[in-house]
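Take a look at this one chain, the form predicted on its own, written out in structure tokens.
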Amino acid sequence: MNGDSKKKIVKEIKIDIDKCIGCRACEVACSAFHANPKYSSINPARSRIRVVMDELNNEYVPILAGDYTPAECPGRHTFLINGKQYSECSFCRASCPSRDLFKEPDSGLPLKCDMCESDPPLPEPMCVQVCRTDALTYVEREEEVKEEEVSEDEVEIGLDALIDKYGLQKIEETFARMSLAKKG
């Protein structure tokens, strides 16, 4: 890591749970955008956003997929919200071994919100575009960060972890599928 710092644009989806009505349009739009080819199918299991729902109490919490973690978390805390208990897992953004949330249904590989990156770039992620209540809003801000260099060792460690978890054949198949999607 070198000591240089530079300004970087940080893209963020802000969530206002008080405005979410649980329509799940964000899940549908996300899964359609990430279908192969784009918009060819809708499967909310492929969505990088999920809405935790408690219809009886009219409470909805959109959760964006975060980083993959190879281990289960040690915390098993519960939250009491308006008389209903939720596990810590209910609001967790990670893809982990203890649950199937935020995993590609066919391969089991972890999903992570990519802010709907595409070429040409979208003005804002699909989930934000379809949210009619402004529960999801898109924000870009400048932030000063130290420049990090990613070493080949770090990439190899990450790939080794995925190969250990899913097997070389699944990783190769996923890379092949992703390569085709990027070309098409």
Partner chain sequence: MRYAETGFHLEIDLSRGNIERVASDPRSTEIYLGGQGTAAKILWDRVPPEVEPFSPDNLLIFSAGLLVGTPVVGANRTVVTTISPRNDLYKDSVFGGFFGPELKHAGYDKIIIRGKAPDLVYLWINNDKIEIRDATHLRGKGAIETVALIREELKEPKAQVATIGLAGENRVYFATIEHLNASASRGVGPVMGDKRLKAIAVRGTKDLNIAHPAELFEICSRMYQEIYDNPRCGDALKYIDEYSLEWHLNNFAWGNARERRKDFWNDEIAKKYEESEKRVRVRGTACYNCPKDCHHVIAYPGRSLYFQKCYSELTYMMAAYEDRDFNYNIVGLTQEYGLDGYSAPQVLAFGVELYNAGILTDQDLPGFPSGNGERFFYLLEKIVHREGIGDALANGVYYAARQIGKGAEEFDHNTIKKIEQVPLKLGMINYPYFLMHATGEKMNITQIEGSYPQAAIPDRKEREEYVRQWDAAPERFKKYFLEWEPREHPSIEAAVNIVDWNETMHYVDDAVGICAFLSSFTGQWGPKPPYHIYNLPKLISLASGLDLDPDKLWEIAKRNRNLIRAINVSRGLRRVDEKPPADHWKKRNPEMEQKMLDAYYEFKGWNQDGIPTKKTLDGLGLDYVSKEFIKRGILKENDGAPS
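The shown structure was predicted, so the numbers you read here are calculated from the model rather than taken from an experiment. Positions refer to the first chain, counted from 1.
The following text describes the form predicted together with its partner chain, which does not appear among the structures shown.
Candidate site formed by P44, N57 and Y60: every one of these residues places a non-hydrogen atom within 4.5 angstroms of its partner chain in the predicted bound form. Although the partner is absent here, M115 lies well away from its partner chain in the predicted bound form, with no heavy atom inside 4.5 Å. In the predicted bound form, at least one heavy atom of L101 sits within 4.5 Å of its partner chain. The closest non-hydrogen atom of I21 lies within 4.5 Å of its partner chain in the predicted bound form. The shortest heavy atom separation between I17 and its partner chain in the predicted bound form is within 4.5 Å.
Stretch 128-136 is the contacting one of 115-123, 128-136, 155-163, 66-74, since its residues have non-hydrogen atoms within 4.5 Å of its partner chain in the predicted bound form.
Residues of 29-53 that come within 4.5 Å of its partner chain in the predicted bound form, judged by any heavy atom, are A29, A32, K38, Y39, S40, S41, I42, N43, P44, A45, R46, R50, M53 in sequence order.
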